[in-house]
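The chain that follows stands alone, in the form predicted alone, written as structure tokens.
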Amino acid sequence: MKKIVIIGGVAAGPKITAKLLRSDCDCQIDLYTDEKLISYSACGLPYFIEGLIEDPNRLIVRKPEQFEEKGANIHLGKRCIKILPDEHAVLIQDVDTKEIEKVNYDKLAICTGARPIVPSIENIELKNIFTLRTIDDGIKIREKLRHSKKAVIVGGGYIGIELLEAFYLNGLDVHMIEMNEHILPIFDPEISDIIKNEIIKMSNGKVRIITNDAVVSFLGEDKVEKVVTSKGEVIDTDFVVIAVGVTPNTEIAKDAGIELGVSNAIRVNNRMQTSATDIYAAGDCIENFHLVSRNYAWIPLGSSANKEGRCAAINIAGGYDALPGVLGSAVTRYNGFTMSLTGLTETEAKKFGFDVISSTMTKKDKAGYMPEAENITIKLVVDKRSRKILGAQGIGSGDADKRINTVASAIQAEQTVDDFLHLDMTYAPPYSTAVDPLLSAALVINNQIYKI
């Protein structure tokens, strides 16, 4: 019987376990995680904090006993502290007792994920300064929110925006501080500016967004009471959430001599194999091959972690599966305003040497006479030489995300903008305009290319 050891829970590790249990693999499965839960939706935490989800247990996808009933061995509160590739073994430490045991494997899967970046800020050890990763983190933030009037969010990425929504909808006065010139800097600057302006407009004076500034210190006797920025602003607050990004947990992989790639994430091939024999990796600890740039990138997303876990499991079990790569497709919202993108932005495409042509179109998402019609803004990015679609961004209070999903399909099919114009998309007044906003953006680019 083949012995398979999986390090890490949450998304990729449990996905590998579940897929292996459904396969014909004659194997013993042992999953080790240093947490007290094995499989939960970290992506749902901001909505639990908001109060949209009352019971945190609803975020638990599977309990240990659900895996154990089917034959897997689940070890909670157990941390892998060393990988010994030459011995096909790992050292596992009990989180509470600190006892260490040596565990042998035939195949190993590293699913150690990522952790929040905690910047070096003066007095960051004060109470009521949080990061968000686990359900326990979410419970602490939600409890503090209920007894607070003011909050500061450090960082203007996806998690920051989702927490901003949660805090605003609970009546808090919120400051968001982003060191870059724009919030959500993964979008093109003019799209980020629209997002910022829309958030401010719909927040009734309860939200202030500070960009191009950084937090340098926290003030307070025992708990944080004030936030000080590099430009001298002093902001009163009841609590702070640090949401400046995450970093992959790859120290044990590096120590074992496993090859790392961009952002110190683990380099894998399209079968999720690492540089070490019989060792696979999946989830937020690995880098990804970007299908448009044809370069490696680190894009930690829950959707990708599940696909990677499935791929790894099939190959561990002796089958064959290959994940071609990712587009970095992502979506979030603020108070009904959607922000979504796929592929490369114009800024990124130029960095990778594409001859970029783009169009930005603001249009109703449904027939204008329909009472529920809302504006959406679509930006389509195309390579002028090949006419292939490189990426798209969609924002607005209407159905922007479904347009981005359409573009993601077109990019993976390597469609040109000419091909795209002939897509037979659905139309009825409650769902779209007669010429969909996506096609309108494509028509503008087509006209520019052919000078029509």
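Note that residue numbering follows the sequence shown and begins at 1. What you see is a predicted model, and the numbers here were worked out from it, not measured in a lab.
The following text describes the form predicted in complex with a small molecule, which does not appear among the structures shown.
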Interface residue in the predicted complex among E35, D401, D30, E50, criterion: non-hydrogen atom within 4.5 angstroms of the small molecule:
E35
Just one of F337, Y158, F239, F289 has a heavy atom within 4.5 Å of the small molecule in the predicted complex. Which one?
Y158
Does the small molecule, in the predicted complex, lie within 4.5 angstroms of each residue among A11, A42 and R133, using heavy atoms as the measure?
yes
If we take heavy atoms and a 4.5 Å cut-off, which stretch out of 190 to 198, 213 to 221, 338 to 346, 72 to 80 is in contact with the small molecule in the predicted complex?
72 to 80
Would D365 sit within 4.5 Å of the small molecule in the predicted complex, counting heavy atoms only?
no
I'd like to know if V90 sits close to the small molecule in the predicted complex, meaning any non-hydrogen atom pair within 4.5 angstroms.
no
Mark C111 yes when one of its heavy atoms lies within 4.5 Å of a heavy atom of the small molecule in the predicted complex, and no otherwise.
yes
I'd like to know if N295 sits close to the small molecule in the predicted complex, meaning any non-hydrogen atom pair within 4.5 angstroms.
no
